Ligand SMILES: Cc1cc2nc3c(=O)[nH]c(=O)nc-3n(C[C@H](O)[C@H](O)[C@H](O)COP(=O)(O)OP(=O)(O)OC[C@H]3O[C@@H](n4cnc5c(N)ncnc54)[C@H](O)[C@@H]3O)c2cc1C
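This document opens with one chain alone, in structure tokens, the form predicted on its own.
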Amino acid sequence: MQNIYEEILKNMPNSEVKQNELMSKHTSFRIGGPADIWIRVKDIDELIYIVNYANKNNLELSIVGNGSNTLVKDKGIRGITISPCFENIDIKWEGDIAIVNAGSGVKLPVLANELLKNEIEGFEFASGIPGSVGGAVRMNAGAYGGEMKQIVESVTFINEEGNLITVRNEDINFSYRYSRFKEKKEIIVNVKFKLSKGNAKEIKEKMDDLNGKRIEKQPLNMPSGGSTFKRGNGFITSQIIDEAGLKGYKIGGAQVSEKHAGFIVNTGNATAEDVLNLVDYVIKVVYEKYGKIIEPEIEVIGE
């Protein structure tokens, strides 16, 4: 990969390019082996270049944004790993409607605070989600009754052939923790939101209330991939895991959180294998005890 690395480095002067970069540095789980080549991309032309380069040279291309819902396996990621880092925020008003363009690399709490400053409501539910705009759209992130699909107007992305394309909300195929971007290697660069004029005091109170609930209920002091399991069909997943007696259960360095049974946390030295074995164990025990099927929400990549 040395020749490929040197060629990419030469042709992507505005991006950060590294070889054998440990993905444990770039995921909230703090787990993950090395990426052959890891690139933090800040320039659209360079992103188009690397997509075309990967296609031309038949190299695997993976996308890891903020890494807050991602588990990278212990042997790492082969080929090229892209971390889009577009951090623009632009706000335009049409009467009392705010048209907000945000780069895919903008962290949700950062965008929430910018919207608060501009007295824009409708984004409060996302203010404490520890992800990026691109990742949130990709998985239709949500909390406390809100979801990305409710506020996204359109998404601009680079498709698998290296073309810049914009699609409207109705063409994104949003559903629970799903969008078209989970199926294809389409790299989100910008998201347009349609939001409303609000009252700064009320927006702040709602954000504080929701974030207070998050702090109270979730194990934010330990590395994790956020909520590990999807919502149950007719049952509360964390509750049924708790009832199965699995709170605190450990395999290696991975543990079912003692604070919130829907989270698997890294107690300090967990491997991806530990996490995956624990996920499988939880699924098995819940099915054996209650006949209920639970599914993981975290995204697993690498080898």
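From 1 onward, residues are counted along the sequence shown. Everything numeric here is computed off the predicted structure, so don't read it as measured data.
The following text describes the form predicted in complex with the ligand, which does not appear among the structures shown.
- Listed residues A141, I80, V100, L111 were compared with the ligand in the model of the complex; A141 is the one with a heavy atom within 4.5 Å.
- The partner is absent here, but in the model of the complex a heavy atom of S68, alone among S257, S68, T271, T237, sits within 4.5 Å of the ligand.
- Annotated contacts: E186, L220 and E297 all touch the ligand in the model of the complex [non-hydrogen atom within 4.5 angstroms].
- Using a 4.5 Å cutoff between non-hydrogen atoms, K206 does not count as a contact of the ligand in the model of the complex.
- Of the heavy atoms in I120, none are within 4.5 Å of the ligand in the model of the complex.
- With a 4.5 Å cutoff on heavy atoms, G76 does not count as touching the ligand in the model of the complex; it lies far away.
- Residue contact check for A136: one or more of its heavy atoms lie within 4.5 Å of the ligand in the model of the complex.
- Segments offered: 91 to 99, 222 to 230, 195 to 203, 164 to 172. Contacting the ligand in the model of the complex at heavy atom distances within 4.5 Å is 222 to 230.
- Heavy atoms closer than or equal to 4.5 Å to the ligand in the model of the complex belong, across 110 to 134, to the residues I129, P130, G131, S132, G134, ordered by sequence position.
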